[in-house]
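Taking the form predicted on its own, here's one chain by itself in structure tokens.
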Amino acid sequence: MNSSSQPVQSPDGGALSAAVVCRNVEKSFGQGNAVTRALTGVNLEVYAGEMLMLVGPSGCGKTTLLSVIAGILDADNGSVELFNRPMGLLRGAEKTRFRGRFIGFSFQQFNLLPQLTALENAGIPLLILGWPRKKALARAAELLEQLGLADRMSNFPKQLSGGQQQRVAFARALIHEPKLVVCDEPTSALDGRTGEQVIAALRQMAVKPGRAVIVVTHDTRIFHFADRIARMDDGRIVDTGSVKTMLAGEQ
């Protein structure tokens, strides 16, 4: 089954609009005999209002695809559109501004600044966008409270557990109301119970009608939080479908 081009249904029965459209995306690293083809013709649609999990074996191209979609890497061939905006037409500072305004990032290693408190880390995107510090930190406090960190705002990253650091990273990814949220292995450093708790928090906070969420993961324990799963292998999407359908195919 390969249903990536079939529209996903919203709760009211209507078709969701495509937030991300990848067409024949290719990406290689190296040159000559040392070239590695990371993406070999990826076709994928991700819809506004859904959480899609991107899964597959290590080295299959998941993180590379996530980086191309988010504009961190440029595709060698093919096209990527985010909310009808061709990413290939954005260059330099324009692309940086686009990412800063419309994309929220949550990385595998959290990437919190150790010299800043949880509150300050969460508020960074708004400060970069030019918000007054008081207003940015007030918004950060609201998000951290919603994520269950009301009593941890003044703590530094080293004073937080892995799950708490991940929640701060989620707050930082969501604070500027991005239209696309991308997460790379958000539960890899967490135990099973904590991983489920933080993904549940992400789903509650991030999944909205006008926003798409893409999660790269190896963690089968969190698959049931996804609306759809896209499976990669050898640099391309080989299967997409509902969680129930995809898991049934493995049995």
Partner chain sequence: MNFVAMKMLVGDRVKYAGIIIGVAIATFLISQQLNIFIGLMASTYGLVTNISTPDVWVTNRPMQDVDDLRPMSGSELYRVKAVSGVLWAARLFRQTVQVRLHSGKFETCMLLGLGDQSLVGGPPALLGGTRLRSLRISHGIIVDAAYAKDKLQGIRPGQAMQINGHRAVVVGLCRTALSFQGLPLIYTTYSRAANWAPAQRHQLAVILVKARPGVNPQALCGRIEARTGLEAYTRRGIMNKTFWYYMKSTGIPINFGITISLGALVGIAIAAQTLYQFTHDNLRYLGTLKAMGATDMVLARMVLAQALLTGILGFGIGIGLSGGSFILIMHFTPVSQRLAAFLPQVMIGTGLGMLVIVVAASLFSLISVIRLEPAVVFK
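Worth saying up front: this structure is predicted, and the values here are computed from it rather than measured. Residue numbers count along the first chain shown, from 1.
Not on display, but discussed next: the form predicted in complex with its partner chain.
Q: For the chain shown here without its partner, which stretch in 82-90, 68-76, 159-167, 141-149 has non-hydrogen atoms within 4.5 angstroms of its partner chain in the predicted complex?
A: So the stretch in question is 68-76.
Q: Between its partner chain and Thr96, Phe107 and Pro114, in the predicted complex, does every residue show a non-hydrogen atom at 4.5 Å or closer?
A: Affirmative, all three are within 4.5 Å.
Q: Does Thr63 reach its partner chain in the predicted complex if we count a contact as any heavy atom within 4.5 Å?
A: Yes, Thr63 sits close enough to its partner chain in the predicted complex that at least one of its heavy atoms falls within 4.5 Å.
Q: Tell me, yes or no, whether Arg133 is in contact with its partner chain in the predicted complex, where a contact means a heavy atom of each within 4.5 Å.
A: Contact with its partner chain, yes.
Q: Using the partner position in the predicted complex, report whether Glu45 sits within 4.5 Å of its partner chain, counting heavy atoms only.
A: The answer is no: Glu45 has no heavy atom within 4.5 Å of its partner chain.
Q: Can any non-hydrogen atom of Ile124 be found within 4.5 angstroms of its partner chain in the predicted complex?
A: Taking the distances in the predicted complex, the answer for Ile124 is yes, it comes within 4.5 Å of its partner chain.
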